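Given next, in structure tokens, is a single chain: the form predicted alone.
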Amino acid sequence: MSELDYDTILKGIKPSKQEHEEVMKLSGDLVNVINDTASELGVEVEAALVGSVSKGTWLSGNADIDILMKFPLDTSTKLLKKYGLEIGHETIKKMEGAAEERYASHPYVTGYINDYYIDFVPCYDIKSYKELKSAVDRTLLHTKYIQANLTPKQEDEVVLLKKFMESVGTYGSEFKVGGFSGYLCELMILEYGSFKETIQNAALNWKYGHTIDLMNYQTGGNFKDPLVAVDPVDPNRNVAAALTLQKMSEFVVAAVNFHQEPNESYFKQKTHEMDEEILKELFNNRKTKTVLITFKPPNIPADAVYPQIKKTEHSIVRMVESEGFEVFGSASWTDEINEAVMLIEFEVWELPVLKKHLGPKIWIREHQKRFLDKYPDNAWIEEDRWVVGVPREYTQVLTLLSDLMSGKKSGYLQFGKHLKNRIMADHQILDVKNILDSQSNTSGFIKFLYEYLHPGDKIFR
């Protein structure tokens, strides 16, 4: 691997001195306000800054300000939720910010303060994973472990790794990405020592089931995921559980490409002209039929919306293929507020009226009789098997999709639980080329279509 000027690259992706000071001051002020507010309410709570900001591993312009409100272990869940929300709201009010309630392991508040989004999350003040009461509690242990083990030089190595992953589309453990979490990136740097060594190991040594076990717990065999990273603070947890095989594979291929020919462009987002006319031409040239099912997403947390849409998309694909309509590819997207889209691209979207139905072998006399009683006129033999031509229920895929989405045949589908009523009440089934003729497409939707047409684009430079 030839040498790049990593110091110059870091200057472009690390927070500037001004940004660093601004974020740290805001974080410190928030911790103090939370502690003061808790004291005013007579509640035993201590605030703690966690996440990438607390560990010095955040990317410029992407400050991850997470503040935990630590409650004693003997606090009831009811009181933790009550005071967690109350303290969060009051803190945001004192800081003249805007508040929004969200839900993870339990309710929490997000505040928009001084142009930053900050999460105020109640948790239990645990000292060991054995005291764990909810998943968020473990974050305290993660933060302490990284702060105790990651050197200042390695903080920069994490920043390089995160930016590389972000640029190749594999960073982010939320469901809509299915990639590497920030904590997993930090563990990878602790395992291999540096960004270059991490890339080299992924490129040359990783295989399905590769295991990272910093504490040598030897519990990796308990997990069957594509990548296993045994949590240093909890031997019974795989930090890489949310990483999909797709994103692991993309990262490995990008690592191979970078290892063979290092290039600064791997630390920058690829930009392309995403004009509607160009996309329309690309879809036309494929000679397939691409259908979009559009609807308004339900008002539920984003991490719940994405898996429900994906579940519905996959169920539709299975259903149409069971009827003989061959699918080339599928994808889904949502802006989480106004629009959700399931894209299905067909190799076969129109079928003959008749389909061949295989009956029993002629040697099975009892089954043969029942078959001929049912089809007395048009059955024939192919080798030693009875065959009959029967009319298809659907010869046009659009008719099938309409029946699936309207409820006429919806019982065959596995909808996400919040989607069925929403889709059946209000949806559209549209040809992608007709949508691309519209002038109302958002940049996020156009980007989704571009990335569908160029699935390997980010991992090559």
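Just count from 1 along the sequence shown to find any residue number. What you see is a predicted model, and the numbers here were worked out from it, not measured in a lab.
Heads up, the form predicted in complex with another copy of the chain isn't pictured, but that's what we're talking about next.
Novice: At 4.5 Å between heavy atoms, only one of the stretches 230 to 238, 385 to 393, 176 to 184, 303 to 311 reaches another copy of the chain in the predicted complex; which one is it?
Specialist: Result for this chain: 385 to 393.
Novice: May I ask you to choose, among V291, A202, V341, L140, the residue with a heavy atom within 4.5 Å of another copy of the chain in the predicted complex?
Specialist: Checking each option against another copy of the chain in the predicted complex, the one that comes within 4.5 Å is A202.
Novice: State the residue from E336, E197, D275, E347 whose non-hydrogen atoms include one within 4.5 Å of another copy of the chain in the predicted complex.
Specialist: Of E336, E197, D275, E347, the residue with a heavy atom within 4.5 Å of another copy of the chain in the predicted complex is E347.
Novice: Is there a heavy atom of N263 lying 4.5 Å or less from a heavy atom of another copy of the chain in the predicted complex?
Specialist: N263: no, not in contact with another copy of the chain in the predicted complex.
Novice: May I ask you to state whether L10 is within 4.5 Å of another copy of the chain in the predicted complex, using heavy atom distances?
Specialist: No, L10 sits far enough from another copy of the chain in the predicted complex that none of its heavy atoms falls within 4.5 Å.
Novice: Quick check on Q246: any heavy atom within 4.5 Å of another copy of the chain in the predicted complex?
Specialist: Residue-level check for Q246: yes, a contact with another copy of the chain.
Novice: So in the predicted complex, does any heavy atom of L453 sit within 4.5 Å of another copy of the chain?
Specialist: L453: yes, in contact with another copy of the chain in the predicted complex.
Novice: Is any part of 341 to 363 within 4.5 angstroms of another copy of the chain in the predicted complex by a non-hydrogen atom, and which residues would that be?
Specialist: Contacts from 341 to 363: E347, V348, L351, P352, V353, L354, K355, K356, I362, W363.
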